[in-house]
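Starting off, we have a lone chain in the form predicted alone, written out as structure tokens.
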Amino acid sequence: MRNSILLLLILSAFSFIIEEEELMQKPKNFPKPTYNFKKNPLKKETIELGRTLFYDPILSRNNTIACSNCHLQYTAFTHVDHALSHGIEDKIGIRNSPALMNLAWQNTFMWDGAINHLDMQSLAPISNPLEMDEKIENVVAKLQKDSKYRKLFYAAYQDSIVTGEHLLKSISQFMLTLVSANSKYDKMKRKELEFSDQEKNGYKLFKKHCNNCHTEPLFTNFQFENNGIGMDTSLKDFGRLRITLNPSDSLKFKVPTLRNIEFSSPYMHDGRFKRLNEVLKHYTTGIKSSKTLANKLKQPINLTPNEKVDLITFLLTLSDKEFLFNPKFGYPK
């Protein structure tokens, strides 16, 4: 009897692992996710609820701005037509919206790391007066009045009562499924294809000059660095310093992933660069020295024009069109 119960528990746990793998891709070459799935186990119905919320402007004060307004799937879940994010009533934010992917492997969120848990991330844009400008209790009230959402919450949580916790965890579950790991680079690593000579040379240059901060395979080290870009005199954004109040964090911003960088322009926290060649020009001739400049950038990076082309050619291998056009991540039908 005891052995039978033990066997059932093992089979149940194994079944849960299989189901979770089907709901969210966990690439073999990626490190172990840092997100604690035990506190928010993935479920098909909860993910679908999260996706519906992600694309619904009901989260904003005047019902005009959804998460997807600043995080468009075909641009790696960021925006491309302006440097800084736009909110309700055409209000302009202070930063470029970060691309959303591979979030289960991150411990901090936003350019300055103001949020330290994915389940709380959505609360920031909802409450920000320059973005959605809404209170979570008002969102809950609006959703509770909607018969569609009462059904979706019941399917996800066996309870039609809408709560802020379930709202935020549902959006987290959808964002957790946004895994990008099937680019040409990934296929090369899996030995499914080979790079061209130009891509090989670009990859060699990348490992020499870029890999310290944009570390494989996620192409970020998740740290906060001063990349010598200097402060925009109109925005006066000191980055991580705003959160820690530690002078050593002045002008430091979270290192973004380079995955799908072909589609996620404009670049940098303030969206000042529109093209990759502008970014390389900055790192080769535009570094501004300061007390908090990243040690890795204190020595000049020298690249010939041909080497810059090769490096960009490699960066284009990080594009994952299967991710960018996966219908599972698009607007719910």
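Residue numbers here begin at 1 and follow the sequence given. As the structure is a prediction and not an experimental result, all values here were calculated from the model.
Another form, the form predicted in complex with heme C, is not on view; read the next lines as being about it.
Student: Counting only heavy atoms and a 4.5 Å cutoff, which of 188-196, 158-166, 117-125, 145-153 contacts heme C in the predicted complex?
Tutor: Single hit among the candidates: 117-125.
Student: Is the gap between residue 104 and heme C in the predicted complex 4.5 Å or less for some heavy atom pair?
Tutor: Residue 104: no, not in contact with heme C in the predicted complex.
Student: Although heme C is absent from this view, report whether residue 184 comes within 4.5 Å of it in the predicted complex, heavy atoms only.
Tutor: Output for residue 184 is no: heavy atoms all beyond 4.5 Å of heme C.
Student: Taking heme C as it sits in the predicted complex, is residue 47 in contact with it (heavy atom to heavy atom, 4.5 Å or less)?
Tutor: So residue 47 does not count as contacting heme C.
Student: At 4.5 Å between heavy atoms, is residue 283 in contact with heme C in the predicted complex?
Tutor: Yes, residue 283 lies within 4.5 Å of heme C in the predicted complex.
Student: Assess the spot marked by 58, 134 and 179: is heme C within 4.5 Å of a heavy atom from every one of these residues in the predicted complex?
Tutor: Looking in the predicted complex, the three residues 58, 134 and 179 all stay beyond 4.5 Å of heme C (heavy atoms).
Student: To verify the annotation, which of these, 76, 139, 218, 175, has a non-hydrogen atom within 4.5 Å of heme C in the predicted complex?
Tutor: Of 76, 139, 218, 175, the residue with a heavy atom within 4.5 Å of heme C in the predicted complex is 175.
Student: Give me the residue from 255, 231, 241, 72 that has a heavy atom within 4.5 Å of heme C in the predicted complex.
Tutor: The option sitting close enough to the partner is 255.
Student: Pull the contact list for 219-250: residues with a heavy atom within 4.5 Å of heme C in the predicted complex, in sequence order.
Tutor: Residues within 4.5 Å: 225, 227, 229.
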